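First, one chain by itself in structure tokens, the form predicted on its own.
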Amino acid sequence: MIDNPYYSHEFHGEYDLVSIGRLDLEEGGSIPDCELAVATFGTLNEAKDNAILIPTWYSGTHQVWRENYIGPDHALNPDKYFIVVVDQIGSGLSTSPHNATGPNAGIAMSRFPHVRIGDDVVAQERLLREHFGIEKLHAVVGGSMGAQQTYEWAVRFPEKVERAAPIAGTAQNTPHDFLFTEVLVEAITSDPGFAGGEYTSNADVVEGLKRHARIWAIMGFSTEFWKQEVWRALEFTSKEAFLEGFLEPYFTAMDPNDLLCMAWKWQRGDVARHTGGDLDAALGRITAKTFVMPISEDMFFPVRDCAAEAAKIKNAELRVIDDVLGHLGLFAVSPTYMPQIDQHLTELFESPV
């Protein structure tokens, strides 16, 4: 186990660690004592039918949702809904390579088993059912890798999901995304300090994490973001200052093995594995009212990919979010981003099913 102060209440606010016990994994192996970091907002009503689940994205935690998406002035209104944000396995807060200890000591660091999107969803379903007594969700909402989990929920547990909002993500990862993520992985593992995943501190891998951050600068933000020098609106004086003052500090605080755990499952996100590789059949299982919500300038999950999947879902609508930032518009930096999200989510949450 590595002590990394970034993964603490100081940086991520209030959350609970809830054990769901042993989690056997799709790829083989298991997590002996799987703990999920959970942040809740609002009150579960007596009928237990006002619950909304939010799974997290790559490198993100519940904190970005708390800060930007959840509140009485948003569609994700804790005065109306019981909102459960679950940090994915490998996030650094839930059971992850760097914090595996006690019963999990045998899978710490480089020994951590491969986890799939489906494993996260199975863990979340168990948490909701056993810990909160929730059998059906008013909605599942997730961005990026959270969108992958949203699709997995809607395909794997169609009877439990009434509404779904996958934002800036796909049900089946593309070859382009696989290759991009492979470059992210190589940026980290090629650092000599990585030491085969047995480093003693994330600081040992700082050069690899910096390279990782700069690759995100190329694809995470759109070409228009850089062309229009949108970083000036974030009070940076140059693109170099933006990289060194925003992206690099964000990623260099994180644990390399945790990022690699998430990257592996991102690469292999694919609901079609439930139907022998038939994506049409997999998406045909979805009964939830679904708003597919790509971001206009997203280079990871372009509108055309999301639109193609939306067309395969019986009760789906395509709702494009206009944002020059591209994929990292998910951080709600643009003042025009959240009003669009709130408008679409409000309509979705209030729609009959």
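Start at 1 and count along the sequence shown; that's the residue number. Owing to the predicted nature of the structure, the values given are computational and were not obtained by experimental measurement.
One more form of this protein exists, namely the form predicted together with another copy of the chain; it is left out here, but the text below deals with it.
Just one stretch in 182-190, 142-150, 74-82, 122-130 has heavy atoms within 4.5 Å of another copy of the chain in the predicted complex, so which one is it?
Of the options given, it is 182-190.
Partner proximity in the predicted complex: Y250 to another copy of the chain, non-hydrogen atom cutoff 4.5 Å:
It does not: once another copy of the chain is placed as it appears in the predicted complex, Y250 has no heavy atom within 4.5 Å of it.
Verify the contact flag for T275: yes if a non-hydrogen atom of it lies within 4.5 Å of a non-hydrogen atom of another copy of the chain in the predicted complex, no if not.
Although another copy of the chain is absent here, T275 would stay clear of it in the predicted complex, with no heavy atoms inside 4.5 Å.
Would L318 show up as a contact with another copy of the chain in the predicted complex if we use heavy atoms at 4.5 Å?
Heavy-atom contact with another copy of the chain at 4.5 Å: absent for L318.
Considering non-hydrogen atoms and a 4.5 Å limit, does another copy of the chain approach I218 in the predicted complex?
Contact with another copy of the chain, yes.
Among K136, R156, H114, K239, which has any heavy atom within 4.5 Å of another copy of the chain in the predicted complex?
Selected residue: K239.
Would you give me the residues of 156-185 that have any heavy atom within 4.5 Å of another copy of the chain in the predicted complex, in order from first to last?
Residues within 4.5 Å: T174, P175, H176, F178, L179, F180, V183.
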